[in-house]
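This document opens with one chain alone, in structure tokens, the form predicted alone.
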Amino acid sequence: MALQSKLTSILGVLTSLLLTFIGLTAITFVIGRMMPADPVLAIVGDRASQEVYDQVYLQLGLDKPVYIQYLRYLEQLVEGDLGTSIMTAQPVLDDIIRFFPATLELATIATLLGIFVGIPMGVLAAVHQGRWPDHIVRVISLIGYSAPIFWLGMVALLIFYANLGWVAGPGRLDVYYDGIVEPTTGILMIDAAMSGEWDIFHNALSHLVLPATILGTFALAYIARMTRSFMLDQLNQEYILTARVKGMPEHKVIWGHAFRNVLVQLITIIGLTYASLLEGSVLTETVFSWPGIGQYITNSLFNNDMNAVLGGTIVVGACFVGINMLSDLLYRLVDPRIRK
């Protein structure tokens, strides 16, 4: 019975993933076809003859009903073919493999900053509710959550790069270092460390500091606010009062009891934050000329490159699904009740 239950659970998860993926691709594909951009003109240009236009129109299968076009697109997806980018003249999958690691690197560092700084800030604010630590954390969270990222980015570039010269400027690497390190993982610092190119490692780190910090400010603010809210709810519970009456040390009450009970909620918040940073780092990537997937999708949209837009959107959506799955697995690790 236990084995049958596990198999049923696994089958349910796989079915849910399949339906989610089909829904994601269908919605993305239909929206792409409904946009006013003409994919044929994007390929042949506005000076092409009607004969050339009609030939490309038929080659793209645009004369078929939308559901036939979608089924053909699904067949291509199953084969790992996302089409060819008009902007780069390369397979979209190759472009995504080249651009996505930059966004992954940026979003991961920003999320880690939010976790390791935002969580202690939220706990500190909850423990000292109504006092000056709480007020400071709330002000920082408000600024980080509400201030426009593009404005923070430009101010940070002006101060720390243009005036003080503490960090490197826009881009992912200085031009004279470009092409030296073989892109094994696509993450420059890891590739530079693996190659023993420590000058390139430090240069890449210097370029990463500002955009990761600016993007991490949003993650930090959101995680700190939610941690404070969750902890306040737990600190007002009767079991916390009982633990204090029994003489349990305060740090054990806070971290061993209250914080442990908010972990499941925090995993959800961290997962959503990470996914949103993978998707929503467009403004940061634009301000800092960071060659990531967000900037790639945006430039593709401006150039009517719908294959690239669809491919990038599907990859980002798949990341959302994957992160949600990982969150579900982590729930079972931190909460024994869910495992049972």
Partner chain sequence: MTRLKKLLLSLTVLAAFGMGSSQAATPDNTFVMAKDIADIITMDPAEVFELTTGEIIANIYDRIMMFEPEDLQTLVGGVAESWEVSNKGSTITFKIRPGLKFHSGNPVRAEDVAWSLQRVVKLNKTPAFIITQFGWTAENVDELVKATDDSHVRITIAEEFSPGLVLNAMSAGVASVIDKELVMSHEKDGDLGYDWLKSNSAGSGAFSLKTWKANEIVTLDANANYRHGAPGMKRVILRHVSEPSSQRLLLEKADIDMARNLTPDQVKGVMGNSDISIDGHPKGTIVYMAANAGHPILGKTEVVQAIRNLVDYESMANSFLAGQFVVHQAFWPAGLWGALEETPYRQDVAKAKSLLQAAGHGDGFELTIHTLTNSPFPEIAQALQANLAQGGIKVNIVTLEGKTLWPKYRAREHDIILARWSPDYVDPHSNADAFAHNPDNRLEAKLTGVLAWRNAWADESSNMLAVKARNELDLNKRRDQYLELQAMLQKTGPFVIMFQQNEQVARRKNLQGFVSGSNFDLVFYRNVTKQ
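Between two forms, the rigid core is the largest collection of C-alphas that superpose within 1.5 Å. Numbering follows the first chain given and starts at 1. Predicted model only: the values in this text are computed from it and were never measured.
Although it is not shown, the form predicted in complex with the partner chain is what the next lines describe.
- None of 24-32, 306-314, 64-72, 287-295 except one has non-hydrogen atoms within 4.5 angstroms of the partner chain in the model of the complex; the exception is 287-295.
- Among residues of the shown chain, Thr242 is not one whose heavy atoms approach the partner chain to within 4.5 Å in the model of the complex.
- Contact between Thr185 and the partner chain in the model of the complex is not found at the 4.5 Å heavy atom cutoff.
- For the chain shown alone, Asp178 is a contact residue for the partner chain in the model of the complex, at least one non-hydrogen atom being within 4.5 angstroms.
- In the model of the complex, at least one heavy atom of Trp198 sits within 4.5 Å of the partner chain.
- For the options Trp255, Phe116, Trp166, Trp151, the one in contact with the partner chain in the model of the complex, meaning a heavy atom within 4.5 Å, is Trp166.
- Residues of 98-117 placing a heavy atom within 4.5 Å of the partner chain in the model of the complex, in sequence order: Arg98, Phe99.
- Once both forms are fitted on their rigid core, the CA atom of Leu272 lies less than 2 Å apart between the shown form and the other one.
- With the core held fixed, Ser289 shows a CA shift below 2 Å between the shown form and the other one.
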